[in-house]
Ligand code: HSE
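Next comes just one chain, in structure tokens: the form predicted alone.
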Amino acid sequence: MKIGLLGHGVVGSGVTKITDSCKVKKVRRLEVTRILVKDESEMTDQRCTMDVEDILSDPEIEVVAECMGGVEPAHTFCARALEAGKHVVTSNKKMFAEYARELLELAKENSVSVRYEASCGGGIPWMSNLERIGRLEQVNGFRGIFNGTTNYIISRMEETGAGFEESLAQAQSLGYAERDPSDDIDGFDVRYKTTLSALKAFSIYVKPSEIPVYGIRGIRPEDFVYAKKNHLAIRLFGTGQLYSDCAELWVMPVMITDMDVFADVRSNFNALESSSATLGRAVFIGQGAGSLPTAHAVVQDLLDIYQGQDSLIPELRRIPVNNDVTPMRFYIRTEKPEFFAGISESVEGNVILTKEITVAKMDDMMKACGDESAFAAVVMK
């Protein structure tokens, strides 16, 4: 099977490393014949080209593997590949979260498939397991640690007492965080992955912008002092819960009991949990990013296409996101504790533990309080 690879950076180079060197017979039949690169400096392989037409217009190329990152031109290239009757495999969570509905419809119209295992959870077989569970019963909920960068920062702060900026700098020096870490630390990366998890788990399409997001940019050592005193651990979660006419979806730091399985997930690892009626809770833990773990997921998708194991393209429903269903308690650290007096259960200096309120109510109040340094977390105790 001939493959056109879009992008030869961290993930793309991992794909060719696996396909070029793997001794497994089936993988040897995956032949990357053309590689799209950005400029002359990346022309390090005789298969490289800077002209996407060498891939999209080649009738022998059956599959396009998109590992470019960014929204455009990745979206346009994937759409054109599907229109040309080529299967598409993508690792691009940002692009696919925005354009999943369009691309899945194009795939159905042209009798090809779109696979996106590598877009969420890196090397963890998260999407395929959600699909597998869904063959027997409805997945009714998911939650977990979707971002290794933030988990590394949180773990380091928790274990050493270091500050946020110092821990971020350490993550950048180790290659866990980008030079501009905004997507990670502000929670947007987790929001894309929550969008795609809802698509696969619930067969619903929501726009990423519909999901409220709170990251860890404002986290401070005193938040860990409070957590430890109360036998809690802090993690950044993406969560989803399906109801008959809506879905609860949010991204936010959580304070979980230190006996919770997620409290033991440290460093740059991811841990993702699904829930369904007969299987119950199923937790998947592993490397959520990096060249070879993510490339491993891309190659698994390529193998599935080669073996004719087409991923089910579901009929997607468009239902509202409603975060006004489940009341919870929140930890809020703010310079304006008086603003939250009406929902406060207890106050210790600038730290509030709220009464039970919904995420929607908390979100409204956080936006209205005017304290940009405020930090909030769901207390799951």
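These figures come from a predicted structure and were not determined experimentally. Start at 1 with the first residue shown and count on from there.
Absent from the display: the form predicted together with the ligand. The rest refers to it.
- The three marked residues, 93, 148 and 184, each reach the ligand in the predicted bound form, with a heavy atom inside 4.5 Å.
- In summary, among the residues 193, 143, 115, 75, the only one with a non-hydrogen atom within 4.5 Å of the ligand in the predicted bound form is 193.
- Of the candidates 82, 302, 289, 124, 289 is the one whose heavy atoms come within 4.5 Å of the ligand in the predicted bound form; the others do not.
- Contact between residue 176 and the ligand in the predicted bound form is found at the 4.5 Å heavy atom cutoff.
- Remark: of stretches 135-143, 249-257, 176-184, 219-227, the one touching the ligand in the predicted bound form is 176-184 (heavy atom within 4.5 Å).
- Contacts to the ligand in the predicted bound form (heavy atom within 4.5 Å) from stretch 330-346: none.
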